[in-house]
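This document opens with one chain alone, in structure tokens, the form predicted alone.
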């Protein structure tokens, strides 16, 4: 589904990402972990063609992402609050995203009804703009918006940050279901080793822009990661 080829990103003399090869098959729940500055967000930004590669390229379903936009109809993401439109209410934002993805209001409402327990009554019907919501509620809105339009690839950067424990547990269930039941390729970056180990069947560790571990998740994975990051 996703293939990385000789990918490098430099800023001046500094190389922030250097991945010779990486393949993520369709329907895999894929975790990306690493310390600050490891290159996680850079990789996701390259996947979404938000920044250009210095060398190499990424293919999404055989489409080179920096040469064609044909990957966009089946790929969604929530990286941070800049993906939101602050002067819209959540409802207006969801309908706007739905329109972009060929879904009418009834389609969007049907999807939103599945996430009532995720929203905890704090998102819909509040007559608030997105910019006035808490960071956690902004994240909830952005994550659910990424599910609109039946995407085949969903990219989530630090999705568990700023969420309360109940919402984190629900989100883990949602991610597992997307990959296991619906065959969606889900890419998750996180600083929380426990969460990413629980939801991802494969975890890649980045360090200074390079892949240093590529692990099929098992009962020993969390301990392995804690040992690695604990020095």
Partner chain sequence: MFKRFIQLQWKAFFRSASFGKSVGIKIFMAFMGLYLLASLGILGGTLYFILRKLVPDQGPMWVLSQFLVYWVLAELFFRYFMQKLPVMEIKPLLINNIPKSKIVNYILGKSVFSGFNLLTLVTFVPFAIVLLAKGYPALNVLLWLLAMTVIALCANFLNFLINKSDVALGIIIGALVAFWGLEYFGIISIKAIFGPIFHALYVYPIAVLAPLGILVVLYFLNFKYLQRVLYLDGALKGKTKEAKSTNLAWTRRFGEMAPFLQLDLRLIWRNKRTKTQVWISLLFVFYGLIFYTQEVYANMVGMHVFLGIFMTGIFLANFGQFIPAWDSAYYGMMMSQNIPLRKYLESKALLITVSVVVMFFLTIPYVYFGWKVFLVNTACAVYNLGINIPVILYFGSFNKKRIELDQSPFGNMQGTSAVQFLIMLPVLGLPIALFTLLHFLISFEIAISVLVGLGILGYAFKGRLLDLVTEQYAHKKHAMLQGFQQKNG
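Positions refer to the first chain, counted from 1. Nothing here was measured: the structure is a model prediction, and the numbers come from that model.
Only in words, not in the display: the form predicted together with the partner chain, which the text now covers.
This chain is displayed alone, yet in the predicted bound form one of 63, 178, 194, 50 has a heavy atom within 4.5 Å of the partner chain; that residue is 50.
In the predicted bound form, the partner chain sits within 4.5 Å of a heavy atom of residue 101. Although the partner is absent here, residue 137 is not a contact residue: none of its heavy atoms lies within 4.5 angstroms of the partner chain in the predicted bound form.
Although the partner is absent from this view, residue 154 stays clear of the partner chain in the predicted bound form, with no non-hydrogen atom inside 4.5 angstroms. In the predicted bound form, none of the heavy atoms of residue 120 sits within 4.5 Å of a heavy atom of the partner chain. Taken together, the three residues 37, 173 and 198 all stay farther than 4.5 Å from the partner chain in the predicted bound form, as judged by their closest heavy atom. Residues of 92 to 112 lying near the partner chain in the predicted bound form, listed in sequence order, are 92, 93, 96, 97, 99, 100, 101, the criterion being any heavy atom within 4.5 Å.
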